[in-house]
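The chain that follows stands alone, in the form predicted on its own, written as structure tokens.
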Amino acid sequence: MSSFSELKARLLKPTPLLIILLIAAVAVARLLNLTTLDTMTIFMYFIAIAASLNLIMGFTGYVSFGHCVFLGIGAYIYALMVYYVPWANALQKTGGLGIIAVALIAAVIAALVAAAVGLAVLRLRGAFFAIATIGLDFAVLYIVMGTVPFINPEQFYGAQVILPSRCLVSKTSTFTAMFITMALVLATNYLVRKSRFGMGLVAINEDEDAAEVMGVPTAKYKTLAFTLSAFFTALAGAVFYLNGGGVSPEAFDLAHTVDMIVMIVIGGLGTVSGPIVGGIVYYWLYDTLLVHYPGVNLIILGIIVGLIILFAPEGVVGILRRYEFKGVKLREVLE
């Protein structure tokens, strides 16, 4: 085998080529100023939250309809930290890595909540699990709405925390932080997919009882996947709402979870490339429909998603994996 052929084989199997290309494309777009920082930040946020939910829903099949709760927890904890803790505010001013360092604290707290709750709710399956996660979202929302206004009644408008100028950072810093977040969650998806842990999650998705009989520690694996998913969702939420200058109870809106589900359904459940493709397609659809068909954009989007579920349940990635491109089987590229 020639050196070129060996290089080609290394790039295609099993390197996550699409992840590398996406990261490179975002970096190039930033360097060339091809679009605004806000646009690229939102685009990466979509991919990050889709990949986060993929860790639990895509790999295990457990549909978490209340996953936005971790988005809200991460955003609120981050906002309150930089508002009240001087070193946290100073640390985030050092740039993207500083923002990530503070956001990691918020994400760890959300992950601890997920681990504690997961021990109980992951005993449920199907619709019962989905309903339990929705209940968790509303429970935390009402706790936030009942406690946050009393923390600082003179500055906070109800449960809305608007960050003052001393707590704000540049758009470049939030872009860098979201870029790191997206890269981390996509790398985690790939590593999980290729690990024994990931194989166990897929086995749970196929037949949980059979997986248990075969020696897969299903309760442990589900809880770990749920915790990882919550961690990255909170991390993305903290950075995203920092970019908006504050956080409100809207962070707990179930529409955010619907966005996540739609993206991985469009892209392909349980695949590493699915959240990337789904995020790109969804961002384009959402932006295009919102501009040209305001008022009925969600109806059109719902019809499109319904058609995908009916005729292409494996998603865009699942369809592409059937084909070859210039002699290269796309199945080997699209994990």
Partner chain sequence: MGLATFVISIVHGLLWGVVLGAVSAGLTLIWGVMKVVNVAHGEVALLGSYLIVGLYCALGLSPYIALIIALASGLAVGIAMYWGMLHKLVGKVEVMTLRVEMSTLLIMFAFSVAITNSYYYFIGSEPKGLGLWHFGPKSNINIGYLVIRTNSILACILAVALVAVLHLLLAKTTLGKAIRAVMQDAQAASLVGINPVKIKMQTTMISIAVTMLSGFLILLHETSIIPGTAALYTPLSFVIVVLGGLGNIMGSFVGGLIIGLVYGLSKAVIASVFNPLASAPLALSIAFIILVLTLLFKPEGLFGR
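Residue numbers count along the first chain shown, from 1. Note that the structure is predicted; figures quoted are calculated from it, not measured.
There is also a form predicted together with its partner chain; it is not shown, and the following applies to it.
- Screening 23-31, 272-280, 41-49, 288-296 for residues having heavy atoms within 4.5 Å of its partner chain in the model of the complex returns a single hit, 288-296.
- The candidate spot formed by Ala120, Ile261 and Gly302 lies fully in contact with its partner chain in the model of the complex, as each residue has a heavy atom within 4.5 Å of it.
- None of Pro164, Gly126, Gly158, Pro86 but one reaches within 4.5 angstroms of its partner chain in the model of the complex through a heavy atom, and that residue is Gly126.
- The contact with its partner chain in the model of the complex, taken as any heavy atom within 4.5 Å, belongs to Ala130 out of Ala130, Ile109, Ala251, Leu228.
- Although the partner is absent here, Gly244 sits far enough away that none of its heavy atoms falls within 4.5 Å of its partner chain in the model of the complex.
- Put simply, Asn205 is close to its partner chain in the model of the complex: some heavy atom of it is within 4.5 Å.
- Remark: Gly95 does not count among the residues lining its partner chain in the model of the complex, judged by a heavy atom distance of 4.5 Å or less.
- Interface residue remark: Ala139 is counted as part of the site for its partner chain in the model of the complex, having a heavy atom within 4.5 Å.
- Contacts to its partner chain in the model of the complex (heavy atom within 4.5 Å) from stretch 55-81: Val63, Phe65.
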